[in-house]
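One chain comes next, on its own, written out as C-alpha cells in the form predicted on its own.
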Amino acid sequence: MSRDYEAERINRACWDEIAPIHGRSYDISALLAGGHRLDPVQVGEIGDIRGKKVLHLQCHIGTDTLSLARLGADVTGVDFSEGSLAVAADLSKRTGLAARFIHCPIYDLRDHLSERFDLIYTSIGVLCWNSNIDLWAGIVADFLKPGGEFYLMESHPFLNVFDDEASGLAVVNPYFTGGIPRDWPSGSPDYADENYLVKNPTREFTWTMGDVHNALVNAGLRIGWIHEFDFIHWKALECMKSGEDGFWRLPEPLNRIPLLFSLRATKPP
C-alpha cells in the first residue's frame, strides 16, 4: 500500500478551512486559566511527563500540545495544516506556554526533524487521516529513543460501522476496509461548531484494531497494553447521552460495545 498524496491534499484544505473555526469554538478556558485540557484517563495513563521530551503527532491547533507543556513536558507538535499551526502559535502566545511546532505531513517528518523523544503522543480523531498505517508506525518507531514510549488514545474502529444519524445501532459500514478510503462530501456541520457548514470534502481511512497493533509490532515496538472503554469524548452517535463526567455513552441496553481505546507501546532499548 502506498501513501495517498491526493488524500493529503484534500484533507489539508479542509483542516486549513476549519482551523480558525476551531480556534473560536474549542474550549480553551482551562489553558488560559493555568490548567490543561487532557481528560483524567489520559493524564493517569501517560503518567508524570515533567522534563520529558514529547512529540505530538497530528497536533491540529495545539490545545493538547500546550496541555502537555502545562504538565511539564518539553513538547514539539507536528501537523500538515498551516492554518492549524497558525492558531496553535497564537494560542501559545496567549497562554505563555512554550512549544515548538513543525509544519509538514508526518510522513515527511524525517526531512524536518532528527531528534528522538521520550514519549510520542497521539490522541483522538487522527488515525483516519493516515493513508498508510505501516508508514505511520515506522515514523513513530523512528522518533522514539530506545526505551521511549508511544501513547495513543483513539475512537474505537468498531464505532465506524454504525450509522451516526440512526436512533439506535444500525450497521451501515464495513469494519474491514482493506485500507480503501471513504470520501465524504462538503456541506456537513463541523464537529466543533454545528452552525458552520464545512466547504471542503474529506477522504478518511478506517484501520482495525489488528491493523494498528500489527503495524506497531512490525515497526519494532512492544505493546504494553491496550485498554477499551464504553465512553467517548463527543456525541459520536445520535442515541448517545452525556454523563456528569463529560463523556458520552450509549444508553441501556445498547452500551455493550467499545467506543474508545488507548494503547501504550515501548521501543526496546
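Only a predicted model underlies this, so the values are computations on that prediction, with no experimental measurement involved. Residues carry their position along the shown sequence, with the first being 1.
One more form of this protein, predicted in complex with a small molecule, exists but is not displayed; see below.
Enquirer: Since only the chain is shown here, I'm wondering whether Q58 would be in contact with the small molecule in the model of the complex (any heavy atom pair within 4.5 Å).
Expert: Looking in the model of the complex, residue contacts with the small molecule include Q58, since a heavy atom lies within 4.5 Å.
Enquirer: Spell out, yes or no, whether the shortest heavy atom distance between S155 and the small molecule in the model of the complex is within 4.5 Å.
Expert: Close contact is absent here: in the model of the complex, S155 is far from the small molecule, nothing within 4.5 Å, heavy atoms only.
Enquirer: Verify the contact flag for F143: yes if a non-hydrogen atom of it lies within 4.5 Å of a non-hydrogen atom of the small molecule in the model of the complex, no if not.
Expert: Flag for F143 set to no.
Enquirer: So, in the model of the complex, is F117 in contact with the small molecule at a 4.5 angstroms heavy atom limit?
Expert: So F117 does not count as contacting the small molecule.
Enquirer: Just one of 174 to 182, 193 to 201, 89 to 97, 103 to 111 has residues with a heavy atom within 4.5 Å of the small molecule in the model of the complex, so point it out.
Expert: So the stretch in question is 103 to 111.
Enquirer: The small molecule isn't shown here, but in the model of the complex which of L169, I124, V161, L135 has a heavy atom within 4.5 Å of it?
Expert: In short, I124.
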